[in-house]
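A lone chain, given as C-alpha cells: the form predicted alone.
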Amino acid sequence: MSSAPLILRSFFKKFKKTKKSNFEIDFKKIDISLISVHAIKTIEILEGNGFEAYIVGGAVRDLLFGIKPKDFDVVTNATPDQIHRLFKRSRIIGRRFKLVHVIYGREVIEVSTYRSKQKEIPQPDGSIIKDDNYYGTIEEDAMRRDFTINAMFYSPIHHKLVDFHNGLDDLKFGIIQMIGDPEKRYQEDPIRILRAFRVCAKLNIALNTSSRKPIEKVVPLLHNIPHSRLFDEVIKFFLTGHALNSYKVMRNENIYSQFFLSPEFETKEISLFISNGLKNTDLRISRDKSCNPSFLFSFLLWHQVCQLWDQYKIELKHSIGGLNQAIDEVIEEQVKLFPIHKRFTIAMREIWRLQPRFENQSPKKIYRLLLHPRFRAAYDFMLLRCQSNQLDQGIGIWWTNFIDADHHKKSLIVNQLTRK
C-alpha cells in the first residue's frame, strides 16, 4: 500500500467524517461550484417526485480531489419509464439495460436505474448464461462497480456521501482496489485493466497488490475486445489531460508495448521528444483546444521511422525514397500490433513526408508547402523537433517569422533567401 500524495493527505485532514449509519457519511467539503447545475437540477426533480438520486462513479472521485468532472452520471431507484416521464427533453437508450439521457442544450446527463447483481441462468446443455439486466438496490449497484473509489454516491442536495466499500479510505491512502475477486472482475471486462492504470495516471495513485497480481495473466484478454472500444479506451490515456503521466505508467506497467511499437533503442533525445510532445498535448487539453490522434501517433512513432530511414538512406541512396519506405514499414508493423484508423495513418504519413521540405528553403517550394492542407500539423511537428534539439532551432524561428508576417513581409523574407 503506497502513501497518499502530500496534497491529498493534507486535504483529508481538513474534514471530519461523522458516521450516520454503516454506510452514510455527512460530507460538506465538496465544492458545489464544480458540479453541473443540470446534474443538480436532475437530482432535485427526481427527489422532488419521491425518488432517490445521486451523482455516482468517477465524478464523485474527481470532486473529492477538487477536479471538475467532464461529465456527470446520475443513478436512481426510478425506472427508465418513470425518469422519461419526468423530463420532457429526454430519451431512453439501450437495448439490454435501458438508460435515460436527459438533455439540457449541449449537455447530456445520463441517468440509470440501480442495477442488481448478475443472475446466472443454467442451460439444458450445462452451460450458464449470465444475465445482468435487472433493477436492484443501491447496495447491489455499488457491488457491480469496478473500483472502490468509483463506487461512491453523492447527493449535492443533502451533502451526503454514500460509501459501501471504503472508497473514501482508499482515496485517502492513494490506492485503487477492485471490488470483489480481481481476476474474475478483469475476466468479466478486461477493459478494467486499462481503466485502473488510467486512474493511476490521472490521480497519481497506485493499484494495490491484490488488484495488480492477476493482470499479467489476464492482459492478453484485451485483444478479444472489439477494436473500436479498445481504441477509444487506449486513446483516453493521452487525450484527457494527463498524457505524460499516462505514458510513464503504461511503460512502467508493460502496457504500452501491447499497443505501440517502441524504438529498438531509446536515447535521451527520443525521451525528450516524446515528453515534449505529451506535455504539449496536456497543455492544449488544459486550454480546451482540440488534439488530433494522428498528431499524437506521429510523434509516438516518429523514431521508429527515423531509425529505418537512416538505414534506407544508405541502402537506397535516395533520402525521400528511404523515408517513404520507412513510413510504409512502420505503419504496416503498427497495424499488425494495434490497428490505427486509416484516416489517422493518412495524416501521419503526410506529417512525416513534409518534414524534409522545411529544410529545403527554395522560394517556390516554400509557398507550395505553405498551401499544403496538412501544413499546420507538419509545422507544429517540426517545431516539436526543434524544441527537442532534433532540428536546428533557426529553422523553426525562420518559419515562425515567415508565417506571422503579412504578405509584403513574406516577400521580403523570401527575397532575402535568393540573395544569399
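Position 1 is the first residue in the sequence shown; the rest follow in order. Every value quoted in this text rests on a predicted model; they were computed, and no experiment measured them.
One more form of this protein, predicted together with ligand ATP, exists but is not displayed; see below.
Stretch 71-79 is the contacting one of 165-173, 302-310, 289-297, 71-79, since its residues have non-hydrogen atoms within 4.5 Å of ligand ATP in the predicted bound form.
Using a 4.5 angstroms limit between non-hydrogen atoms, N150 touches ligand ATP in the predicted bound form.
Although the partner is absent here, A59 lies within 4.5 Å of ligand ATP in the predicted bound form, judged by heavy atoms.
Although the partner is absent here, D189 is a contact residue: one of its heavy atoms lies within 4.5 angstroms of ligand ATP in the predicted bound form. For R343, no non-hydrogen atom is located within 4.5 Å of ligand ATP in the predicted bound form, even though that partner is not displayed. For the residues R144, R349, R212, H101, the 4.5 Å heavy atom test against ligand ATP in the predicted bound form is passed only by R144.
Interface residue among R95, R229, K88, K268 relative to ligand ATP in the predicted bound form, by the heavy atom within 4.5 Å criterion: R229.
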